[in-house]
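Just the one chain here, laid out as structure tokens, in the form predicted on its own.
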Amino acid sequence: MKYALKKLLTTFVTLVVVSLCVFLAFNILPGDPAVRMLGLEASPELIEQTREKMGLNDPVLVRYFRWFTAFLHGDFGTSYSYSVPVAGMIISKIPITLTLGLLAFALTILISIPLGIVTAKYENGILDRAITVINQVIMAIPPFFSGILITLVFGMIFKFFTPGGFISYTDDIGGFVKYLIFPSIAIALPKIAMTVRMLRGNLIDEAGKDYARTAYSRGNNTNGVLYRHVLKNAMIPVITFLGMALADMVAGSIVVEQVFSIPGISRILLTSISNRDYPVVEAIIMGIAIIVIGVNFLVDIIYMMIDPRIRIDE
């Protein structure tokens, strides 16, 4: 319990620091939101009235605390460009980006763990060497380029999907998930390669330790030692990596959405950055930060439940 409370406090402090950095970063950038909203032809008096109405003349820390308090209450502010609540602009896009990231995460687990076990079990075999070479190639290719290759090969040549033919989850949930499969593969490929490599190394390392040799001496076969003893210990650092990978996949979905013309968070984010629509950009970045920080907190708790040594140390 002490460990969990300590991590929870650290998580909240991290969130506060991130929010302060995000807010200050957008407030030191050149450009006046009031001028952006009214246009260059607006009179100085009208611009000043608008700045006063928007609270832009208040001290920066006052504006930060007002913004952060409202954010904690679910009020993300009003868009400078469209004069509508930010929450209404992004809430319909969140399921798209989140589903894409979760699909990539599910593919990573379903593919990487069996491959990691197989490569470790048949160390230095033909299959192990082939997968190792493929892993090295995949890790060198960024997700956006993988997305371009997947679109070219599976979309334009083999016609497995229609590039740009996105189907909304409100129209057809099955078609929605089906279209996101290939983008999720583009996101998952590097993480699959990294997870396979990590799990393989951990399994080989754990299999050489004293407790594994003791298990063999008691008459356990290779599968018995692997699945009953070695795998659990080898998975501990892998779980930590997968937790960080999940957060990275949700954030990385923004890049891949552009390649596959998916109308997720990325479209609003890029438009808002170009329009200096800071409330929208701040809300999206804070949402991503909350996902990253929250996932890391959950990983720490799961790590504690798996490894009793952490509770003892605390």
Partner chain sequence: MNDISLKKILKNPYLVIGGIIMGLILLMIIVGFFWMPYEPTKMSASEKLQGISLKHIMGTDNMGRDVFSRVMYGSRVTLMIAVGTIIIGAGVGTIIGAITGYYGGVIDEVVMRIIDALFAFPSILLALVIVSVFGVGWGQLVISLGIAFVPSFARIVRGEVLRCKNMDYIENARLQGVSDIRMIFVHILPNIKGVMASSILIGFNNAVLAEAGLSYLGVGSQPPYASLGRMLSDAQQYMLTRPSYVICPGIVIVMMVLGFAFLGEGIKRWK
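Numbering follows the first chain given and starts at 1. Owing to the predicted nature of the structure, the values given are computational and were not obtained by experimental measurement.
Below: the form predicted together with the partner chain, not depicted.
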* Interface stretch in the predicted complex with the partner chain - options 69-77, 100-108, 113-121, 150-158, non-hydrogen atom within 4.5 Å -> 150-158
* To do: Classify Gly175 as contacting or not contacting the partner chain in the predicted complex by the rule of any non-hydrogen atom within 4.5 angstroms, answering yes or no.
  => no
* With the partner left out of view, is Ile91 within 4.5 angstroms of the partner chain in the predicted complex by any non-hydrogen atom? -> no
* Looking at the partner-bound form in the predicted complex, is Pro142 within 4.5 Å of the partner chain by any heavy atom? -> yes
* Asked: Should Val137 be counted as a contact of the partner chain in the predicted complex, where contact means heavy atoms within 4.5 Å?
  -> yes
* Pull the contact list for 232-263: residues with a heavy atom within 4.5 Å of the partner chain in the predicted complex, in sequence order. => Met244, Ala247, Asp248, Ala251, Ile254, Val255, Gln258, Val259
